[in-house]
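Just so you know, structure 1 and structure 2 below are the same protein chain in two forms, each on its own as structure tokens.
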Structure 1
């Protein structure tokens, strides 16, 4: 086997990179460790506005996120395109509400909205009477919100299954292996896995938190970090919550899927138990996350939580990493950097275009892996 391009990581980024490569005429194979904790554990928020959680946790990364805002908006539109082509994925783009519980939080949102407008996002501030017209079920303590019209939600189980089937129809195979190292010589790329080694002309690295370690020998140090996050889902109810709900200061996302279940998440930590065990549930996350949801949307109090799970988010320096490695031109990085599920399809497509020979424009320079050169 010697494909033109080997895609490492068969999550949403790798799958969409493979699809575009295949559409572009390349012979593509994917290889994946089968850990299933990123794309396959995602909760389906389409994030565009700056997440207050991220701004609080990683203040040093905010400039990079802010610079990436147009990318987020384009990524949401990429999802809409995929939904039209291969869906429906229960994609709803009614916007995302970031709630304020007091004057100070409202001022924070005002400042944030100005910065986001400057970057081309469609946002507006709503006072309580305006909120009551679109979300009358919010708790009485909510004084206002920022509405970002670019945001939305989808059902990732449906999207993943549909897109996987599309890849199957294209005859794109996925090998099961854990990749340990990548090296380049004159003839191409050698990829060393746990159970075999592989040759390819080019490689796309779309392996999220596993990527940094994988390319360490190639002259870059990319600080990819796994962030296990806790999520909850309720039994179904009649659909009445159409927006993605977030908070100006606290960690939460709340949305209702097309089939009626309410998914509550937003970045509460889960317990990392190593590679051989799925992440565990922390009592403080489970209680804190659901209790916060109950305070923001009191009418879900009678619904029951039926499941919890944990998924991995990947962070690096706040920005995406897309492009060829300076010292190994056959290796193309495809790392969203945060909100991997939202950004994945667009980042995968951009990386595929690089692998297919497109010349990166000035905009792409911001994502170049060279910034991590040792």
Structure 2
């Protein structure tokens, strides 16, 4: 097998990189281990504003996220474009509400909103009367919120299935193998898998939390880390929630799908059972996550949870990693920063542009893998 480009990782980033490479005339093959892929466990939030959970847990990475806010806004627009071309994905973009339950949380949101406005986001602060006009179902303790007009939500099961079908129509194959190492010589790139060896002119690495280990022998040390997180979905609810819901201090995301089910997530931990098994559900996360959701939106408190699961998020330094490795120019990295499902399609497109020798849609300097060079 000697494709022009081998894409490692068949999640949302890899799928979209492969699609754009195909548009550019490249021969493409994808290879994926089929284990713990965040795309297939995602809850469907389109994040743009800075998440309070991330700011609390990873303060050292906040500057990179803040500097990348224009990329998040552009990524949400990319999802709108994809929905028009290949959807519908049940995409709704009426904004995201980050809720406050007291004066201190409101002050936090006010300061955050000022920083986000400076980076080009469309945000505003709402008091309780303003909230009642757009979200009357909120609990009585909510005193205000930040509304980010750039945010939204979609149904990831539908989006993933439709995009995978498009790749199938293009004849782009996905091989099942776990990649162990990558090397480069004058003739191209050799990729060693557990089951086979592959040759390609170029490789795009879109394997999220596994990427750091995969390229560690190529002159960079990318600190990718798997973060197992918990999610739930309820039966259909009578209440109509059109916004993505978050909290100024507590870990929560809450959104409603087109058929009425409520998806509840937002960063509660799950049990890491190793790379070959999906994360396990923790009872404390299940109970805490749904209890907080019912506190914020009391009308959903009596709903039954019909499924609960866990998936892998990936963290590095807060920023995306896109571009050629300085010591292995045939290897192109395509690693979204925090909120990888939101960023994935845009990061995949930018990585494909690099591989095709085209001009990327954004300034690449901030995302260059060279910042991790040994």
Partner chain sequence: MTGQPAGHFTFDGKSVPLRPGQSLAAALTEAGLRSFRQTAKGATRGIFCGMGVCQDCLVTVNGAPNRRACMTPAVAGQDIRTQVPFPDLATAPNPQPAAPARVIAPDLLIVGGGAGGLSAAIAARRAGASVTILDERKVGGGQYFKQSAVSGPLDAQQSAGADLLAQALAAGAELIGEVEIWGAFDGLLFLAEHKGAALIARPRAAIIATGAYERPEIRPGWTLPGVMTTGAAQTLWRSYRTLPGKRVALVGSGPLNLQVGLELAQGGAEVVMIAERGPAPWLRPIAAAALALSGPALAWTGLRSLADLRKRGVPVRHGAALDRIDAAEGALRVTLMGDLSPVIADAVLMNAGFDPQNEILRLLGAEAIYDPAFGHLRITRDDTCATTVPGLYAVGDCAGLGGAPAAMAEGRIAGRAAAAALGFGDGYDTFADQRQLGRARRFQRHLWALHDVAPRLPDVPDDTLICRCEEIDAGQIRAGLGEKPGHAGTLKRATRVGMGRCQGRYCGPVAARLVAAATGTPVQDRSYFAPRVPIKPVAISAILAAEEALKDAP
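Note that the structure is a prediction, hence the values are computed from the model and not measured. Residue numbers count along the first chain shown, from 1. The term rigid core refers to the maximal set of C-alpha atoms that superpose within 1.5 Å between the two forms.
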item	value
Form predicted in complex with the partner chain, given as structure number	1
Large Cα move at residue 24 between structure 1 and structure 2, threshold 2 Å, rigid core	no
Large Cα move at residue 358 between structure 1 and structure 2, threshold 2 Å, rigid core	yes
